[in-house]
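So this first bit is one chain, no partners, the form predicted alone, shown in structure tokens.
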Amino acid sequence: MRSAFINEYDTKQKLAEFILTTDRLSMHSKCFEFEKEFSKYIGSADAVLFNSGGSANLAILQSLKNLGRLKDHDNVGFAAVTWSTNTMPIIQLGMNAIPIDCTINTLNVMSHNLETAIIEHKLKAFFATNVLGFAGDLVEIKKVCDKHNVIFIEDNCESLGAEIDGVKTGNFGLASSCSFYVAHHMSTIEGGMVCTSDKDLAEMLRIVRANGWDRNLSEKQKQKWRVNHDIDDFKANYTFFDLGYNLRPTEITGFLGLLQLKYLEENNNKRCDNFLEINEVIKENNDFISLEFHHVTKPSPFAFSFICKSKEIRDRYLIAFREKGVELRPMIAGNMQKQPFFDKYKTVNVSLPNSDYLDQCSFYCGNFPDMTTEDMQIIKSVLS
């Protein structure tokens, strides 16, 4: 069982002291401070904190609908190799979820995959998933989206801290989401963030987060909404300006975020060193397809990804790793089109040969900053 936090004992001690001494645990100053520090780290103009990464994804799409940039029955593309919370909000909000195939050796949707899908399905938006510390060719993807007037959103939950040409992933789309669940790069137990440099979107995200209220807006923003709707300050206490949810975090989320953010770069550097060491072994083994990530100048892999050359080879390695006590996972949720919920609600059936391949022939295991020489040797012994 791995630690939930970086510097776990010290973090828990400080958390206990904070809980005992603070006079407020509902969302307040620690959350707002964390938003500011996180936006500085990512490089975006703004960041809005949520109670989970899944909530962050939901809020992005709800906000875009509230602003009129997306509407019912719009076709929204998403990376077929992804997680449920990237796909479900598209369906839940009445839009058509269109899966897009990846390339096998990058694990990600690339610009050529996307452009084909945009033309074929007349996409209004594309929700990328930056997979397991890597990403597609986001510079080119942005160009393709701009060319076709497609809204580009990044699910950056798995690639926090990765960079392309010195720019952190999460900065290429209109908005990006991030998760602080215990299995990710940094943990606030539960928690998520949306980063954006679009002022109107950031404003609407704060309305969506708080049931449609204006209570977390600036005073200037509040007055704009109240004047536009002829609402006085008393009535505004219980006025809901647009569709929203209760997606608010607690002060515990903000406190932990500020504490864990200090360790994030060091943590990611250790994971990257681990990955590069194991990747050299993988490249020497003819059972595997090597990852291609030359376009990602700094990956942030919190897992070791294994792409086998057949399902039979994968099954053999699953047994070998398990015999060594290594916990394994499928390549995220595999081909999302094959998931039971998606089969129930899908509007199209798309050919996804590369996603099918990864579904059948790949897997991953955790990559932790506190891995020992013995831990690394166990993985190497199975691969050699």
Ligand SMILES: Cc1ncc(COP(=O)(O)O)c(C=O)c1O
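Numbering starts at 1 and follows the sequence shown. Note that the structure is a prediction, hence the values are computed from the model and not measured.
Another form exists, predicted together with the ligand; not displayed. Remarks below refer to it.
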{"item": "Any non-hydrogen atom of Tyr245 within 4.5 angstroms of the ligand in the predicted bound form", "value": "no"}
{"item": "Residue contact check: Asn285 to the ligand in the predicted bound form, 4.5 Å heavy atom", "value": "no"}
{"item": "Exercise: Arg314 in contact with the ligand in the predicted bound form, heavy atom 4.5 Å", "value": "no"}
{"item": "Ser300, heavy atom within 4.5 angstroms of the ligand in the predicted bound form", "value": "no"}
{"item": "Check all three, Gly53, Thr129 and Gly191, heavy atom within 4.5 Å of the ligand in the predicted bound form", "value": "yes"}
{"item": "Proximity to the ligand in the predicted bound form, single hit among Ala79, Ala135, Cys195, Cys157 (heavy atom within 4.5 Å)", "value": "Cys157"}
{"item": "The ligand: the contacting residue among Trp225, Tyr263, Phe293, Trp83 in the predicted bound form [heavy atom, 4.5 Å]", "value": "Trp83"}
{"item": "Partner-proximal stretch of 304-312, 208-216, 157-165, 245-253 relative to the ligand in the predicted bound form, 4.5 angstroms, heavy atom", "value": "157-165"}
{"item": "Residues from 173-212 in contact with the ligand (non-hydrogen atom within 4.5 Å) in the predicted bound form", "value": "Ser179, Tyr181, His184, Gly191"}
